[in-house]
Structures are given as structure tokens and as C-alpha cells.
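Single chain ahead, by itself, as C-alpha cells, in the form predicted on its own.
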């Protein structure tokens, strides 16, 4: 058989074309999250895993929080603020469609905000809307929000996942079939395994590069490492196996980014239940905690010690770690003063995250040294939400609170800490009506000092964001200023 020059050239061109096509940048992504969301409606649940999947991907608010923690426009293309700071007039983007084809209008904003702040609301962050006096549709694309008092954080608050805009036609079914306005649409949910999103072809804004994104649930640290190495997943934005970081840092196939989060990791305490209703007992626990040993043992050195419920990178942060230094002798002294010279027994309920399960073993050993014997009870995430967060059926637990600037939870009478302080309520009430940033910082510092002096919880460390992903993958967040795995800028480099 003979080949002409033309046939050889044609064959070469075809092979090159096929090779080029095969090497084209991929448009799918499988990333992992450690906790499965209990449902997919960010306006009806406190679990951070809900926002991990849905924030900016499926659902959007009038504003949004960017990767550097700044406030940016989202469904609102612009806004005006009255001179007295009481009236915010938002202009909505025209042509925005929900994923079911219904058009976004001012009525949807009125519905969303009124629903979130209504009596009996299931929104986990109703305090975000507490300053709103009224919400009015001026016309189809203009919304006027009137506040009862100036609130310097209002635009930031409306960027939380709890403040996304939903439609009355689909609000009741968003838990299982979320309908938003974002660049991705919900495709499917294999319970216990993965949530799949697909590109929204009718998106009103800049189209995303990915055609499909699969959020796989991998709770086991060893399984997370194996899945990344095998290529079963291409990213784990909040990697749960800090002991394996050095392995990935030495592998050129991967990018490793150690960023910051808003996650205050704490030994949460049931302040309303004896013996924890005695401040001396809580102070004894604080003195029994060796934070650095916990960070080294549970997080392999990743994490920043904290002495209060506030992120160290926040300008208003107060360094209070040394208020209760590690001092077992002082701990025993305080226990004796409180009437427990021989210590006592209690339970420690631990949800699945690595920091909780590993940290719990270390904390139990440390408290045992001062006479506090803990029964460790591992619970799944859904159990933790039902038993601990909702029913307050616990003594101690470990969890990372990843909501931004959330010190306000300490004045919620129904919150699972069961902590009550009139002094703190006065400070937070003043903060709520203060717009001046210097004054706000002063009040925030005072609030930190109050909860630390009361040893409300055992303040442990600020959770790091250990991100590991394929070296060709670009556009993932390095830090986590809000609970989110925002994929709007994610793409594969050629």
C-alpha cells in the first residue's frame, strides 16, 4: 500500500486536531466537602455545609461577600443610602430569571426579607434582619428598605447566605430542589454521596467556565487523601487531613494553599446546665486547656490560638489567650472553690469533622488531669444539629463556628450555649445602632472581653483553610471570609 503526500498531511492534520481536542481545557469539576448538608435551603438552616454548596453558585443576594471579605453588588446593580442612614434604595438587574424560568422582581425581595424576619421564621440568622422596619417594592426593579436605626453592617449582612433572594413559587421546596438565580442550577442529590450542579444556560451575568460541578461528601481524612491522589476528586477546598499536607506540598500535581477562615473552634459549653452554670467551673476548664497541644495533636500545627470568639485577622480582635493560661493547678483550685474538689463526670458529644474527633480525645485527656472525666459520644452531623444545636441536649461539644462576625450569637436567649448576660446585651444593642467604625471596634472589643471573662466556652483556635486541588485548576478561594465554595471564577488552565 502506498500513501501520497497529501494523504499523509491530511492524516497528520486529523491527528493534531484530535490531540488538540483531547487536550482542551476540561469543563467539569468534582470537589469534596467533609459534611453533607442537611438540606439545600440556606435561608432555613444553620449548617455551613448548605452554603458550601449553594452560596453564589445556586443562590444570590442583593449583595455578596467576595473572596477578600469585601461587599460587592450582586442582584442589586446599585443602591442609594439616605443621608440619615435609614433608607436603602436598591436597583435590581433587569432580565434576571430564576432557574424555573420565573423573572426576578422587587416583589421577590420583599417576600424574601419579610419571610426571613417574620415571627416563627426558620431562618437561622434572623438577627441579620432585626433593623429592618419595612420593605417596599417601588416598581418592578426598585426596592426600598427602611431601617429602624442606622446599621453600619447592613450591606454586609445582606451578603450572607441566609439573606439570599428566593421566589414565593419555589421557596417551600428549596430544601430538596433549590431554585435560585445563580450561574449553576441544581441537577441531582444522591443522599450520602454527592450533590451535582450544572451550568445555568440562562444566567443573567457572566457565564461560568464549568459545565458541571459535583460536590462529593468525604468525611474520612484517609479517604480524602486517597481520593485526591487517585484523581477521583480534583479539589478539597477545606481538606480534613492536615497530617498529609506535606505529601501534597511535595507533589507538583497539586496546589496547596493555607488560608484563613472565620471559624472560631470552641469547646462549646451548656451554660444553663449544672455544673457549667458556675463561672468557676468554666474558668477551671479554660485553665485546663493546653491550646497549642490541641492544635499540634489535632491539626498538626495548623491553627491560631484564640482566647475569645473572634477572628485574629479582624482589626477589632483582642488578644485574650493569656486571660486563662494553661494552669492545671489553678484549674483544680477553682473546681474545689466551686464544690468539686474531686472533679465530676460529663459528656462530650463530637461531630464528624477531624478537628472535633481528634481534638476531643486530647481535650478529654487534659480535663482528666484535673478530675473532669468525660464520656466521649461520637455523633453524626444531623444528630449534632438535632441534639446539641436545637435541643441543647449536651454538656460539652466541639465545633467551629464559621459564620463571619458572629459574636452576636452570645446575646440570643434561645442559642444552644444557654448563656445570658445583660451587660453583653447592652453592648451589642449599642453596636447595632452605631455606624462609626472606630466606635464599633471599641464595642466589639468590649464584647470579646465580656464573654472571655465569663469563660462562656473553651476558646481553642481559629480554623485554618487548608485547600488542596489540582495544579491546573484556577479560581478557587484561598481564604474563606464566609461559608462558601464559590465556583463562579473556577476554570481549568490549558
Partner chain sequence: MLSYALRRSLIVLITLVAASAIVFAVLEIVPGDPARLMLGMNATEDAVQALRQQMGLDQSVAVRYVAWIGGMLTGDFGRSYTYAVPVIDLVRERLVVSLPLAAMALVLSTAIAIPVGVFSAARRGTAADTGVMAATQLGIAIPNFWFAILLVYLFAITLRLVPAGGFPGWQGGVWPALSALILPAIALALPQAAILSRVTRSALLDVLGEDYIRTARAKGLPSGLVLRRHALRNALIPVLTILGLQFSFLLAGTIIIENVFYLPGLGRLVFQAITQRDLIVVESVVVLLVATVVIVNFLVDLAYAWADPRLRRR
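Quantities reported herein were computed from a predicted structural model and do not represent experimental measurements. Residue numbers count along the first chain shown, from 1.
One more form of this protein exists, namely the form predicted together with the partner chain; it is left out here, but the text below deals with it.
Residues of just one listed stretch (98-106, 188-196, 332-340, 281-289) have heavy atoms within 4.5 Å of the partner chain in the predicted complex: 188-196.
Between the options 272, 85, 231, 301, the residue in contact with the partner chain in the predicted complex by a heavy atom within 4.5 angstroms is 231.
Among the residues 26, 439, 425, 39, the one placing a heavy atom within 4.5 Å of the partner chain in the predicted complex is 39. Across the proposed site, 121, 124 and 253 without exception bring a heavy atom within 4.5 Å of the partner chain in the predicted complex. Using a 4.5 angstroms limit between non-hydrogen atoms, residue 218 touches the partner chain in the predicted complex. For the chain shown alone, residue 227 is a contact residue for the partner chain in the predicted complex, at least one non-hydrogen atom being within 4.5 angstroms. Taking non-hydrogen atoms only, residue 169 never approaches the partner chain to within 4.5 angstroms in the predicted complex. Shown alone here, residue 320 lies farther than 4.5 Å from the partner chain in the predicted complex, counting heavy atoms only. Residues of 364-401 placing a heavy atom within 4.5 Å of the partner chain in the predicted complex, in sequence order: 380, 381, 382, 383, 384, 385, 386, 387, 389, 390, 401.
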